[in-house]
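The data below hold one chain only, encoded as structure tokens and taken in the form predicted alone.
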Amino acid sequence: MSIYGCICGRHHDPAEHEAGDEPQGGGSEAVSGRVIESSLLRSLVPQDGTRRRFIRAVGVNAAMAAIASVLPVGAMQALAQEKRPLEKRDLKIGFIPITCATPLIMADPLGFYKNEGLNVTLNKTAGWALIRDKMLNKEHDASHFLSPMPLAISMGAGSVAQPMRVATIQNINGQAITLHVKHKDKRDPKQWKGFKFAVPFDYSMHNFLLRYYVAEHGLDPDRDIQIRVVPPPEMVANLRAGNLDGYLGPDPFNQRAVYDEIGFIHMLSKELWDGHPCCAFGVSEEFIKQNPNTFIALYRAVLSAARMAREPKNRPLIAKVISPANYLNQPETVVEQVLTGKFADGLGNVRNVPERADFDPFQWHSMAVWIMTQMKRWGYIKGDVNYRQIAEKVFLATDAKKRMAELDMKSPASSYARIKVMGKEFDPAQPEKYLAGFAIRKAA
């Protein structure tokens, strides 16, 4: 009998057979390793068609290297021994169809949930208010959130208070200010008085970054421009119809506006705050208490997906698997431009910004403190705020460190760091001093 593991007997494993590659040399240890890696590949990518496309797109060796980097065999064996019975296997997870949710979405077609024994149904949801309400009503077990939302919900800002927790940040950067093509001659924000802008939700980084940006240019966001809440999938249509002059929104809808020749990218959010959080993955405190083993399995699945998403070489494959109708429902070329950072900006340039979007999952407490300063700055919360206490309750940084260590993922020694937004330093130890330094803010 051939030592090779495919049906024709010429390849090391079925994955090589499917790709049509020639067998490669190696002793019994190498063959054994290939069999283990092939099993991991089949576990992670159970759909035959998707697996074949993956192999053909990147090649067998690159495919196996990617799988090994995401799920090292040793770590998998150790985790298998530690896994405990799941309290709940069938889960419903809400998401908005944007690239911010890449780890959460790709974990479905690439098998990360199934690898943890979970049967996940991803529910595409129309807007952020509905995302919030479905979590409050327990229609969803876990959810894609805007990173300010669990803070707001936990504090009772904009809704009934209910303890929500951030397990991971889904993405950093990855947003942009997009303007209608008729405004190519109005690149100075001082020319934007009277403009109508959209953001996806009041409690969003988009809202806070847009307000910060125009205020730094001397405009009062509550008086000099209009800011409307528009669900991300409706932003391009509203721009086309002339209902908006622009938006600070998530991708792929910035790139889609360029693709449709409706808008241009005025500025990437990375240029405002490099490394800023945008979306998060969260659950209720009640879910964690009732389903601790399920929560850990879910945590590992999303972290493993984030680990794969952080590797630039994996981005073309990821664009392919998250673009279909049941996920983003966008042209693959649009999604790939966002994820690879090589894109047309609508101004006649092809830009190369590899960090346009990234997927660092660690939830810095300093991020939460900054968000709350802006919530207070613009009147969304009032009175005294115990920034540190709320940040550390809602953003589960300690849990993240533990789960990341299990997967050989690096996490920072401290969960607090100084931040620079438009060149201005934010010290998370002095949030009220930071707030007092703003000339433009909502009157108390």
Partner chain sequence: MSGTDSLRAAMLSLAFLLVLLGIWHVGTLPKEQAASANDEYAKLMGKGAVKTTGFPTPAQMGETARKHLTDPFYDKGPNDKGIGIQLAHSLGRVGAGFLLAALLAIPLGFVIGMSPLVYRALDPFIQVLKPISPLAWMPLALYTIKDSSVSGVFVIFICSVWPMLINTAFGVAAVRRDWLNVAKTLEVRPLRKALQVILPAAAPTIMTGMRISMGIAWLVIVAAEMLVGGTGIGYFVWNEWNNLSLTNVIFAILVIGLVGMLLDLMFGRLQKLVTYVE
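Positions refer to the first chain, counted from 1. Predicted, not measured: the structure shown is a model, and the values here were computed from it.
Not on display, but discussed next: the form predicted together with the partner chain.
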Looking at heavy atoms inside 4.5 Å, which stretch does the partner chain contact in the predicted bound form, given the options 343 to 351, 213 to 221, 195 to 203, 298 to 306?
343 to 351
Quick one: does Pro97 come within 4.5 Å of the partner chain in the predicted bound form, counting heavy atoms only?
yes
Look up in the predicted bound form whether Phe362 has a non-hydrogen atom within 4.5 angstroms of the partner chain, and give yes or no.
no
At the 4.5 Å heavy atom threshold, is Leu122 in contact with the partner chain in the predicted bound form?
yes
Quick one: does Ala126 come within 4.5 Å of the partner chain in the predicted bound form, counting heavy atoms only?
yes
So which of Gln337, Thr168, Ser143, Ser269 gets a non-hydrogen atom within 4.5 Å of the partner chain in the predicted bound form?
Gln337
Can you pick out, from Val258, Met155, Val321, Ile288, the residue that has a heavy atom within 4.5 Å of the partner chain in the predicted bound form?
Val258
All three of Asp245, Met375 and Gly437 touching the partner chain in the predicted bound form at 4.5 Å, heavy atom to heavy atom?
no
